[in-house]
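Have a look below at one chain only, the form predicted on its own, in structure tokens format.
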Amino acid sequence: MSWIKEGDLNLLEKISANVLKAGPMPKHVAFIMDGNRRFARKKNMERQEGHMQGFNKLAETLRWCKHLNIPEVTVYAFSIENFKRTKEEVDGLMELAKQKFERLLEERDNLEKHGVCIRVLGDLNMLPLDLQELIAKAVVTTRAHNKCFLNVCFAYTSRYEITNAVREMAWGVEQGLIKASDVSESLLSECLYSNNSPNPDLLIRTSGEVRLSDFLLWQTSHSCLVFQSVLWPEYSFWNLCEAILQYQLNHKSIQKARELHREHQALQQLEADRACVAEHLQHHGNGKPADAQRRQEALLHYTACREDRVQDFLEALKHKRNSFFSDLCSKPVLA
């Protein structure tokens, strides 16, 4: 099945979509697509067929999101924890992923037409090389598209992502790009795999499970979380509408919490900058206390220098990550 499923909503769906769009709509929705294996057992089919039905439902859900003017979707496709499943199932999932990314590359003209940018978040080094190369080609091919975004979390857990972000900052310090004092909550956010995306407004988990299973833990601290009992392959347009309605009912409190967090982050950064400036003045002030004007000038200078360092570091990090995908693309895809 195609990644881009064409077709309009039916009349009732169109009316419902228009009613929903009169209220605040999420711009970024994340899905934990749970229930493929239970669906397969329920329908007396092979597990692999259950996973195939799950992918087909993703294509359908992306179509609904397009009609609902939701420009960004993130999906939990394969957790690092999934490597603990049987070899047969893991191999089957890798083969399914290979088939789907091959199909995606065949549809590059359609992806360009719709402006779909594909990002894959996770440690691709854990995957077979042929799959890494296909993923890299999909990412590089669609990198310039900017109408809608699909983030596929593959070989991913949130704790691994956060740990990797800490490693990236340590690398920046080792390279002399940033100082240890530049490390902050906001910088860590910029070092996550998801740094190119706004945090999800709405996270949906299907199958009745009510845990996040190590998915986007950092990014969803101020998101609306909706847990639905339906199995993912049976997910419907009406299930999505229900989740969006829950988001709308909680929109004001979510926005208020986000604003308070932004203010708290800004205050934390200001206090950290002041502490660094005070330490610098103490060591270079010949024992004389600095007056208010000098402290303010030193603070402005330090802040500008820190922001320049951080920007240079983030550019270097972006180049390193882009080079990883570009280097994979330079290799021929293995047969």
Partner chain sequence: MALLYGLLWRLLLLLVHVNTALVSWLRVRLRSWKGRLWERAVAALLLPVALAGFPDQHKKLNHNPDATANPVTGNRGDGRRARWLSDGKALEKLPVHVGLLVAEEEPSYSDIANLVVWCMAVGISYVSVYDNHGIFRKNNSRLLEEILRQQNLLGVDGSKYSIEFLSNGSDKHNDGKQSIVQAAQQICRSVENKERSSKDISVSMLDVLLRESKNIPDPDLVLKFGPVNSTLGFLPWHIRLTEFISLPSHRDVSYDNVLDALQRYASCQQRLGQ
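Numbering follows the first chain given and starts at 1. Just so you know, these numbers come straight off a predicted model, no measurement behind them.
There is another form of the same protein, the form predicted in complex with the partner chain; it is not shown, and what comes next is about it.
For the three marked residues, 155, 302 and 311, no heavy atom of any sits within 4.5 Å of the partner chain in the model of the complex. With the partner removed from view, the residue among 197, 142, 132, 223 that has a non-hydrogen atom within 4.5 Å of the partner chain in the model of the complex turns out to be 223. With the partner omitted from this view, the residue of 236, 99, 82, 110 that lies near the partner chain in the model of the complex is 82 [heavy atom within 4.5 Å]. The candidate stretches are 180 to 188, 113 to 121, 100 to 108, 133 to 141, and the one lying within 4.5 Å of the partner chain in the model of the complex by heavy atoms is 180 to 188. At the 4.5 Å threshold, heavy atoms of residue 18 reach the partner chain in the model of the complex. In the model of the complex, the partner chain sits within 4.5 Å of a heavy atom belonging to residue 174.
In the model of the complex, the partner chain lies within 4.5 Å of some heavy atom of residue 227. The partner chain is not shown here, and in the model of the complex it never comes within 4.5 Å of any heavy atom of residue 150. Contacts of stretch 262 to 276 with the partner chain in the model of the complex, defined by any heavy atom lying within 4.5 Å, are made by 264, 268, 271, listed in sequence order.
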